[in-house]
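Have a look below at one chain only, the form predicted alone, in structure tokens format.
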Amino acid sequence: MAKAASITDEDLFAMRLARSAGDLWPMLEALYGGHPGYDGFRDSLLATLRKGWAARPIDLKRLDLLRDLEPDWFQRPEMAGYVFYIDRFAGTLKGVLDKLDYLEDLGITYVHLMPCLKPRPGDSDGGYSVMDYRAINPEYGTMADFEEVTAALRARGISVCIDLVLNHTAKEHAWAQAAARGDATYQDYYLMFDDPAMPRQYERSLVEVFPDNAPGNFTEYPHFGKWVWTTFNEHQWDLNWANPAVFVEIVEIMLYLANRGVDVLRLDAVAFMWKRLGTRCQSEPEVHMLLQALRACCRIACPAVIHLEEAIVAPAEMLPYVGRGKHDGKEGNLAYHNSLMVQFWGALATRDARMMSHVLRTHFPDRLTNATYATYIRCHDDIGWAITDEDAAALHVSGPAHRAYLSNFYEGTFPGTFARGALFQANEATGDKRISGSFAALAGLEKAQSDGDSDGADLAVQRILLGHALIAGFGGIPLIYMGDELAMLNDHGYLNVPEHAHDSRWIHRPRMDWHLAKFRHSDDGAAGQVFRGVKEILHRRRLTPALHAAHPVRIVDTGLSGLFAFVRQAPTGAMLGLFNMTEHWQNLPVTVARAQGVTLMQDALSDRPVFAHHGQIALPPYARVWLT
């Protein structure tokens, strides 16, 4: 009998290199082909990929094989995410190990550990000013601790996401320090100018990201005679992605982190990676070439890892980050569905879902290729009212007036509002304002409890559960921001912390209330109601095959302005999502549901039959139904 041949690690590497060659080399040729060191760059990149693969632990190589066989693993209904700052959730990385039962109890299969790589001391933009990509923030622990945590989470079927900032490093990073000492090699890692002439030319078309506390896009450093591109903050130096050496360095870092147990790399600030004079220097075509090439590198040397591309921009600009045209199915696997979040809050405030339906119908495809959305209602960041004048005009509404109304409503200054938020930043030129606040506070719970309004508190709980049912049923991976599952309120104590007081976003970044969590199964108040409600939503999601992200989603016009609806077309049958965005009863003709292919009239969310009364489906205030 002939001896069976074995497949070696080198064989696997060669096969994956061949699989992704067409996604990798054409992009790099277009980006760097004219660079004098291009041949050496190719050799260096190949050596980096081989080194990363050779160093990959055997259990992660098994995971690579599993996910090659099940490439839709991140699109499945059992995926449910939880996002937290390590120190505010558990104190340290070791502390996370003590909270695994809590995560498993809620039904979490994906955790995003908010910035955990070593930041610069002092103001670090919430951890996004990184001085060492290969070290953990010492306040949280060590890289050995991190590997212990990722292994423990993996053993429970929970994937790990961390942030990798691609646009810039901290000025304290070793590369930046060498550049500041005059090292020409490392000065070419950044965008540096000998005088202000070119910066002034670029500034003519650039926008300011943080005009209040970091105006401009360049910083002069007289002690080494350079003007440095600093899009976000003085201490964050933009990388020069036109230098192929930067590409190799970042690939090496990606593979290093992947081999420590990371499943999802959240690529931060990707829109700004490529600069072109006369433009906003955002979302240039080369950005997508870079991101496709980076994705190909992971598919070669750590294929279990996927990419979440952070681009909080308008739909037409966001969708290419999950692949359009020649990049379709080859770029990011996940992108934030910012529009779903913005439109949810807009519909709640106006009691009108028509703009929500218009935006989601007009600007988004019914499905994505090898990709899906990260859906969310709240996150660590502020809310910018990303509603264009064109979309507002389509509903005969003034864009500036509508955005101003939403800002005032959620800041808590509009008469009759239920919300209690905080102003983040205001653009004097446009009048637009951004808003901070926890999910529960914006949904009305903080104000209701402060006013002693029990009915208002009950409605707030229903709004919170409505939002969670929406992100769990729309498709993609629903992300729960830490504490939202317990209806935690704003933390006004941030004003007493000097390094936080200038940034109202800390109002919705409270420390986890573990005392509240202790009574989550018995508490009859808002915390217990919301926790148990969210847990049940995630449980029902896992049992609903129609929620696989690959199934097409189509927005449905019900004829009721206060009702948002979509249908998911699955081989197992249609699922009609119904969401009452008002505090009033809505009556939907049963013929509308039948016309969308609904046959059983069973609510997959409550696992109960739905009965029509005189041909109408009666939907109570803030009802949420997954009708099959």
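Predicted model, so just to flag it, every value in this text is computed and none were measured. The first residue of the shown sequence is 1; numbering continues from there.
Unshown form predicted together with a small molecule; subsequent notes refer to it.
Trainee: Is it true that H168, A269 and E310, all three, sit within 4.5 Å of the small molecule in the model of the complex, judged by heavy atoms?
Mentor: Affirmative, all three are within 4.5 Å.
Trainee: Out of the stretches listed (300-308, 246-254, 122-130, 320-328), which one is close to the small molecule in the model of the complex, meaning heavy atoms within 4.5 Å?
Mentor: Every other range fails; the passing one is 122-130.
Trainee: Work out which of K275, R509, K118, R260 lies within 4.5 Å of the small molecule in the model of the complex, going by heavy atoms.
Mentor: If I apply the 4.5 Å criterion carefully, the residue I get is R509.
Trainee: Can you work out which of E536, D381, E286, D458 has a heavy atom no more than 4.5 Å from the small molecule in the model of the complex?
Mentor: Of E536, D381, E286, D458, the residue with a heavy atom within 4.5 Å of the small molecule in the model of the complex is D381.
Trainee: Please tell me whether any heavy atom belonging to F409 falls inside 4.5 Å of a heavy atom of the small molecule, as the geometry stands in the model of the complex.
Mentor: F409: no contact with the small molecule in the model of the complex.
Trainee: Please tell me whether any heavy atom belonging to Y376 falls inside 4.5 Å of a heavy atom of the small molecule, as the geometry stands in the model of the complex.
Mentor: No, no contact at 4.5 Å.
Trainee: F414 versus the small molecule, in the model of the complex: is there a non-hydrogen atom within 4.5 Å?
Mentor: No.
Trainee: Looking at the partner-bound form in the model of the complex, is K433 within 4.5 Å of the small molecule by any heavy atom?
Mentor: Close contact is absent here: in the model of the complex, K433 is far from the small molecule, nothing within 4.5 Å, heavy atoms only.
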